[in-house]
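One chain comes next, on its own, written out as structure tokens in the form predicted on its own.
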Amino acid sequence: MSIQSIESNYCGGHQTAQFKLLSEQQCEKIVGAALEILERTGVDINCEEALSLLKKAGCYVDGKRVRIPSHLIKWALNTAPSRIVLANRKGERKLFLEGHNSYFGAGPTCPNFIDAETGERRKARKQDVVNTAIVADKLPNIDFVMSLSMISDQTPELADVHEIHAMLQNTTKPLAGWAFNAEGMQDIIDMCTVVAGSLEELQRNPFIVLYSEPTSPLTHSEQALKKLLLTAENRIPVVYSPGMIIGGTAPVTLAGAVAVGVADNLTGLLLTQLKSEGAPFIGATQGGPMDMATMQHCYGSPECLLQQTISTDIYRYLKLPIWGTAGVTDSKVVDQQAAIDASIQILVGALSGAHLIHDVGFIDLGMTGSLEQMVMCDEIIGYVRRFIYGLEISDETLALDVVDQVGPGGNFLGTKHTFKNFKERVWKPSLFDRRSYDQWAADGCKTMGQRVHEKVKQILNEHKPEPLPEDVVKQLDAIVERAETRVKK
């Protein structure tokens, strides 16, 4: 492993903390293995349109089994954009998926949720998505929004559509969404088009990333491919990441698991480019080990972190924007284990430089969403970002004139230099306690968990996200009603 401090491309020349796990030669070796898998073993494609595109491009098609020549993958890598910029709901360009820029957001599809009022674990509801969007909208270090939910109190087949409907109205930040099927994904694109004003404007300044997923190992379902091709047709950024269980649906060895995941991901890349050359695509191989004692997929494991870092290195080598994971715990509550898991993941994710890092707020092996976990992670992300920022070496920061002015035995507290620089150069926490013991005791001896809970309640009681115009809300409601009518036929 090489740990290196390198100059940032756009941060004013300061030195930042970054690392990579793999050398360029090791990245080449794993990518070569993925290409060999695609040529020798092939993938199963369960979609007629996708089969037709692949056959026409020169792939070897035998029923649903497709073997993909490596030159086609190399062509797709050359045509896909190496840089994606995401805007907020208002069209302001905010997230620059390039270099070592890392942005953090919540995750999706938790069937359970920790009630913000009672603390009970229960089935997720649409109001939980509303609350997640409101809290995320307020938090300074949550850069994009996902639902933290698989809502249960609406038409089950339209949980995906209802989640985007709720998020669009309760945050201006960029969104990431998913869909059960192509029809639901079209509803989501239609809602975002209404908010943007036109499909062309949404394409020019996209504020949503959509998600589809192959089935590990090396299987691509009809709905996954229909969703993928729909995003390419509409030129909406898409993540097509396998959710591997290492030792279960992927080899137990990290190199083998990542090679299989890259093969699946690059199959999706090729299809997006065959459908619409230049369509925006985000690379990823997600996964963690199976705990052979419990048969559970583990987020809070060193192997999961290694897999994430390897994936980031490979997609940087391939010059694609990168999807990552952090801020998730296997703990069932927001406790010390949750804080340890989240802290290590967030630090490693930011050091490695994945671009969109999701799942902040997951607990319970990703089965439960927690606003308190998200709020705690927001504080951790702020801490890590200050560390990643590193230092600037200049006349201003060396402060030789100030040192000479203060001299031996003096202090720097009253200097203009300190007043000018301390707010920008010294991180100030909002939840970590730095007071004396007596001050802390006088304030009620509150634990970190209690402070986090109070902050969640305060945001929900006080924060009012910028609303959408009434006519836009009516159009969103009409799209949801159209979807309801469709599924009830």
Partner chain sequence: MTNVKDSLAGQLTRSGRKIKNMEKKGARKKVSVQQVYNAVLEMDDELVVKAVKAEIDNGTDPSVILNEGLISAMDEIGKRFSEGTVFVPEMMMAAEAMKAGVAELKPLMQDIDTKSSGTIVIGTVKDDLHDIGKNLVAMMLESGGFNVIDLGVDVETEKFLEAAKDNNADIICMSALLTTTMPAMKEVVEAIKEAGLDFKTMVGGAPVTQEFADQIGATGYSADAPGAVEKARELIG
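Everything quoted here is computed from the prediction, not taken from an experiment. Numbering follows the first chain given and starts at 1.
Heads up, the form predicted together with its partner chain isn't pictured, but that's what we're talking about next.
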property	result
Interface residue in the predicted complex among 398, 344, 391, 367, criterion: non-hydrogen atom within 4.5 angstroms of its partner chain	367
Selected contact from 274, 202, 305, 245, since only one has a non-hydrogen atom within 4.5 angstroms of its partner chain in the predicted complex	245
Partner contact for residue 292 in the predicted complex: its partner chain, 4.5 angstroms, heavy atom	yes
Exercise: residue 410 in contact with its partner chain in the predicted complex, heavy atom 4.5 Å	no
Its partner chain contact in the predicted complex: residue 111, any heavy atom under 4.5 Å	yes
Any non-hydrogen atom of residue 75 within 4.5 angstroms of its partner chain in the predicted complex	no
Option from 368 to 376, 127 to 135, 155 to 163, 259 to 267 whose residues, in the predicted complex, bring a heavy atom within 4.5 Å of its partner chain	155 to 163
339, 383 and 458 all contacting its partner chain in the predicted complex, non-hydrogen atom within 4.5 Å	no
Neighbours of its partner chain in the predicted complex among 221 to 248 [non-hydrogen atom within 4.5 angstroms]	221, 223, 245
